[in-house]
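We begin with a single chain expressed as C-alpha cells, specifically the form predicted on its own.
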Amino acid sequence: MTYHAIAIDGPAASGKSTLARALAERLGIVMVNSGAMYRAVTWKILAEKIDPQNTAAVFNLLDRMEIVCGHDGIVSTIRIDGIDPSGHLRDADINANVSYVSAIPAVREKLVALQRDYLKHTHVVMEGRDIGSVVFPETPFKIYIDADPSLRSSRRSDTGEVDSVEKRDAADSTRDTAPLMVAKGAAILDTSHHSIESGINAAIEILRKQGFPLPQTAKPGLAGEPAKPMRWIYWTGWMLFGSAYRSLFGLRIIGEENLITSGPVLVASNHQSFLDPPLIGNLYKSEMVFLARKTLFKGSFFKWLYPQWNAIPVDQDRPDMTSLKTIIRKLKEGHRVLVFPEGARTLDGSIGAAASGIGLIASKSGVPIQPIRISGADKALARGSGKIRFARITVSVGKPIVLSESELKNTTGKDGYEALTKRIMDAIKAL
C-alpha cells in the first residue's frame, strides 16, 4: 500500500500544530509533531547537563541515545532512553535552547530518518519547519502556515511562553541546516484572520486541489463532522457563564490548541468549585454532557433546568453503575462528556485521590481522553463558603490520551482500570 505525507510547515505560533491535529482527526491518520522530537532531544541534552551549543558533546550523547517513536492512536509519541518527556517540552529552558539543537546536522539527520520511518506504516500529517523542503520534498501535499508576527507573539504569551517569535524566526530561517522556508509547491495559508474551523476548511480545500485522496481516507464522525448548533437554553447559559468568567475572573486558557473540538471525547478534570462544569463547558463551542450530584436536582425548576444543560444525576454516596453505563452510552453515541475523577470538590486546592470509575469509562468507551486542570476556582468560590471572590482562574488543557487497540484490549479488571485512572490523573497533575 502507498502511504501519503501531508507536510505542514510554518514559523512558531502560526497555528500549524492546531491545524495538523485537526486534519489528522478529520482524515483518521497520524499527526506527527516534528518539533516535539527536537524538543525531546533538547530535554535529554539539558538533563545530562550538556551545553546545547557544544556540538561535539551533543554528538557523543546522540550516539548513545535510544529514541523510540510511535503513535498513540492519531498522535505521535516519543520516548528517550525509556522516558516520556512530553510533560517538559514547553519548559522555558527548552524554548531557549531548541533552536541550537535543531541546527546541529547530526541531530537533524537522525530525527529526519525517524520521521520518514512513519511513512512506512501509515499516512501522516507532519508539521514542522522543514517537512516539505527536507523530510518529504517529493510529496505533492504541502501547506505553509503563516500569521502576522504580532498575533503569533500574542498566541505565544497566551500559552505562558515568553520566548520571542522574532528571534525564533531569525534563528530558524538563517541556520545552515534545513532553514525555515516555503517549500517548492507549497500552498501558503495565512491564519491571521481565520477561526480554527475556517482555517481547517481552507486547508482541506487546498488538499483537495492538490489531489489528496480525501474520500478514501476520511472517517465519518471525527473532527471534520460539523458540530450541531447549541439549543437556546444551553446557549444562554454558555454565554452568561462565559462572560462572567472573563470579566470577573480574568479567565486564562493555556493549551487551547490541544482541545478536541468535535467527536466523542472523555473530558477529565480536577474539581475545585461549583464553577467548574460551566467553566469547562465554555471551552467548547458545541454542547457537552456533564455529571452533577443528584441532590442538585431538587425542586421542579432545577429538575427541569439541569437536564436542559445535559446534566446527568450521580449518587456520590455509593457506586452508581447506572450513571457509568449512561456515560459510556453517551460517549459511544458521539457526545463529549465531562467527568471529575475525584468526585468531590477540593477543600484546599490540591488534587485528591480518584476512584477507578474514570478508568472503566475510558476503557469501555474507547474514546480519546482530554485531561484538563483548573486553578483558582477554589479561591473564586470556595467549597462551603457560598461567597464569590474576585480571583483569577486558569484552565490548562493537556494533550489528548488516545488509547491504542492493544491498550484497550489489555485494560480490564480492577487493576487495569486503576492503572488507567492513575495515568489520567498523572496527566492532569502534570499540567
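Quick caveat: nothing in here was measured; it's all calculated off a predicted structure. When you see a residue number, it is the position in the sequence shown, counting from 1.
Heads up, the form predicted in complex with a small molecule isn't pictured, but that's what we're talking about next.
- Heavy atoms within 4.5 Å of the small molecule in the predicted complex are found in one stretch of 30-38, 58-66, 395-403, 371-379, which is 30-38.
- Residue-level contacts in the predicted complex: of 293, 110, 90, 252, one residue has a heavy atom within 4.5 Å of the small molecule, and it is 90.
- With the partner omitted from this view, the residue of 330, 175, 123, 71 that lies near the small molecule in the predicted complex is 175 [heavy atom within 4.5 Å].
- Not one of 342, 364 and 421 is positioned with any heavy atom within 4.5 Å of the small molecule in the predicted complex.
- Although the partner is absent here, residue 168 lies within 4.5 Å of the small molecule in the predicted complex, judged by heavy atoms.
- Residue contact with the small molecule in the predicted complex: residue 282 places no heavy atom within 4.5 Å of it.
- In the predicted complex, the small molecule lies within 4.5 Å of some heavy atom of residue 102.
- Among residues of the shown chain, residue 21 is not one whose heavy atoms approach the small molecule to within 4.5 Å in the predicted complex.
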